[in-house]
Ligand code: FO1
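Given next, in structure tokens, is a single chain: the form predicted on its own.
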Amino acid sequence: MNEPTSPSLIPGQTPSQTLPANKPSVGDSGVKVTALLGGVGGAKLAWGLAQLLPPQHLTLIVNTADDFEHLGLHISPDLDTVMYTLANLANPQTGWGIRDESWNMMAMLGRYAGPTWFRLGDGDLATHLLRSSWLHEGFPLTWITRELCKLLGVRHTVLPMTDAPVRTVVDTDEGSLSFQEYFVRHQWQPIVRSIHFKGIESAQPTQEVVASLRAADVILFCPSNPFVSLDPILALPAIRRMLAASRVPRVAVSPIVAGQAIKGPTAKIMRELGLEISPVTVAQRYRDLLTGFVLDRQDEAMRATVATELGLHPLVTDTVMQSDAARIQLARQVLEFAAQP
């Protein structure tokens, strides 16, 4: 399919060219890394990786199943969190949204008794307006994301997992809820019975996503929620087949530390689905797709289980990223671990 030319909103700007797929050996200074992610934890590690790898050597494949339409706008929360984090714009207190945001639109919306449960800051609103406008003009989400990144000064490649509409539906004791209704409106309090992805059967990864996985020397699963951030990406049949057949190092970083999720509802979902809240549970979920698994030091006792029972190479290190230095340190250790023979 031919890619459209740039829209009139940014005259004279042309889409970035596809990067060459020149594959060096693992451990080479030109190693190419592709990471799968969603959410704040994934974005933190992505930022660390971006400090160590040049733009042409890092591609981020981001969950889009929590996208939704609100007030006539297309909202892509995970894509925005990754873009804002890489652009050093993210709110440091929340990890999402924009730092020093203003809320004039929300205040006026409240006066109109409009739906204020999903908060849109004034600066953040500009992103959604522009994305929605371009989508209405017929431009694919992959192209739009690349242009938004360029305009924000983000040089590393950020790819939506698909250009097709896929939506996470959470089946709960209060009925079926869209992910944002469950996560934001209901503050992830309803009890989860099951999760499925509407539209996944007909969705396909983009050519850019496929090319990135084929060219990668290392594939990483960032410390993202397995059920609502990584599972949607892996539910695309072509991606799962490619990962299972890959011969490059494939390493996941656990989002569970000492029986708790670093952020968000991961542990609560595991408990409600009858799963043990443990890094081992996460490793088992990805077992057929991985060669290595990263545990936090607080879970060092599980190293042997990961190695002997699951057959994965374990790395035990500090995985809680409470500072920029910690993000870079974890990224460096994960890359060095993946490069080991």
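Sequential numbering from 1, following the sequence displayed. These numbers come from a predicted model, not from an experiment.
Same protein, other form: the form predicted together with this ligand, not shown, and the subject of what follows.
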### Task
May I ask you to choose, among Trp134, Phe227, Phe179, Trp143, the residue with a heavy atom within 4.5 Å of this ligand in the predicted complex?
Phe179
### Sole residue of Ala216, Val166, Cys149, Leu120 within 4.5 Å of this ligand in the predicted complex, by heavy atom
Leu120
### Query
When this ligand is placed as it is in the predicted complex, which of 135-143, 197-205, 110-118, 157-165 ends up with heavy atoms within 4.5 Å of it?
110-118
### Query
Taking heavy atoms only, is His128 within 4.5 angstroms of this ligand in the predicted complex?
yes
### Query
Given that the partner is absent here, does Asp124 sit within 4.5 Å of this ligand in the predicted complex, heavy atoms only?
yes
### Message
So in the predicted complex, is this ligand close enough to Ala238 to count as touching (4.5 Å, heavy atoms)?
### Response
no
### Query
Contact between Val184 and this ligand in the predicted complex at 4.5 Å, heavy atoms?
yes
### Task
For the stretch 83-101, return the residues whose heavy atoms include at least one within 4.5 Å of this ligand in the predicted complex, in the order they occur.
Trp96
